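One chain is shown next in structure tokens, namely the form predicted on its own.
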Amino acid sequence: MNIFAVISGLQNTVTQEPFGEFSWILNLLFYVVFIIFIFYGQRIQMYVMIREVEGSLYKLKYIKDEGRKTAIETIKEIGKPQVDPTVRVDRFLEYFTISPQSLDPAGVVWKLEHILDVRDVRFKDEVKFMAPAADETQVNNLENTLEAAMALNYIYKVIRHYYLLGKKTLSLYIIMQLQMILPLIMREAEAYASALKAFAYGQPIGDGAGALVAAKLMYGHEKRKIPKDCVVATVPIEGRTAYVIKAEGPGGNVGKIGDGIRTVIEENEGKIATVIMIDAAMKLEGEEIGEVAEGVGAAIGGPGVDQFKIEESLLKYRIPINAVIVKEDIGDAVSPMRKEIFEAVDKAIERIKQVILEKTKEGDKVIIAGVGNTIGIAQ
């Protein structure tokens, strides 16, 4: 809107009023406002945006504090610690992971895997120390709970950093960018808050759609452990032999699906007709929650280590790979599993059978890998 046109219009309106003898006061007021907007309009706009960011920051702090409180109470309830775990939880929330140096990218995947392994062991040791009475499943759930609380703590600190920086330097551009991305940040924070409660109670989450598909397929069949934190069952499907793989549940765990697939491929000396991976995937706005789609490639998220291993193993024996995904948004992925996602699991199984019938022949061996956090989903 053109501010000059607005002021001019208002001015004309005032001068047409019957009590025009006081119009000079209003005219003077309009000119003062006009001059203020010329010289201080940008600053006034910035203060308005700062107030909006402040409101979101207070909400983020509340969500972060509630997350910390839930984590501490869950540890006390399940772990039965002898001493108050609050100090140790606060220290856990400040942990960080430094990515490996990638100036020379050769071998960076293995360096990243090593760092992630060290991180995983360190986290589990910390949880066992804080919650000595917790069993293995509860340790995994508590670790996930603390990681969700850690994510909330990190989001709050990053937003607070840019808010204080923008306020200190009176930089309109820092505050403006912060204000623009805050709706997305708040959505992510609320998703982590939901995830924290799901992890604390050991409930299945939307991300576990792939794991639930595998659990349904392997139900009633003998399972065995394979590296690392994974299980496999040999299941006859449509006249083929299917090796169904998932992370070992029901604790919060994603396993190393890459190692699991590689192990089964090597056990069969590469004689696998196809690999089918099932995972939850981010939907676009306008798409239905629980919509099932299929394609090709390794359907797996995370830092990329497992995807790298899977692709290397497949390339070695020229094994084709197909993917079936269940669409959901970030909030659904980390919240307790919705009915639409649960119902989509049966549709995904039908798609898998269809792919097997179309892409393989009777007597072939196939691998079906259900990817995702298996919290609340046994095998």
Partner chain sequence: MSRTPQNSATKISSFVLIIIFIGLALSLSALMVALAYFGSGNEVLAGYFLLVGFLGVALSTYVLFQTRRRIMRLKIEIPPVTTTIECRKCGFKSVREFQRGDYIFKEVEPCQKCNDKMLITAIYREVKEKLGP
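Positions refer to the first chain, counted from 1. Being a predicted model, the structure only gives us computed values, none of them experimental.
Another form exists, predicted in complex with the partner chain; not displayed. Remarks below refer to it.
When the partner chain is considered in the model of the complex, Gln203 lines it closely, a heavy atom lying within 4.5 Å. Interface residue remark: Leu212 is counted as part of the site for the partner chain in the model of the complex, having a heavy atom within 4.5 Å. Taking the partner from elsewhere, Asn144 is found to have every heavy atom lying beyond 4.5 Å of the partner chain in the model of the complex. Put simply, Glu66 is close to the partner chain in the model of the complex: some heavy atom of it is within 4.5 Å.
Contact annotation: of the candidates Lys167, Lys216, Lys124, Arg262, the single residue with a non-hydrogen atom within 4.5 angstroms of the partner chain in the model of the complex is Lys216. Out of the listed residues Asp117, Glu77, Asp84, Asp90, Glu77 is the one that sits within 4.5 Å of the partner chain in the model of the complex by at least one heavy atom.
Of the candidate stretches 295-303, 193-201, 224-232, 172-180, only 193-201 has residues whose heavy atoms lie within 4.5 Å of the partner chain in the model of the complex. In the model of the complex, Ser335, Pro336, Met337, Arg338, Lys339, Phe342 are the residues of 335-352 with at least one heavy atom within 4.5 Å of the partner chain, listed from first to last.
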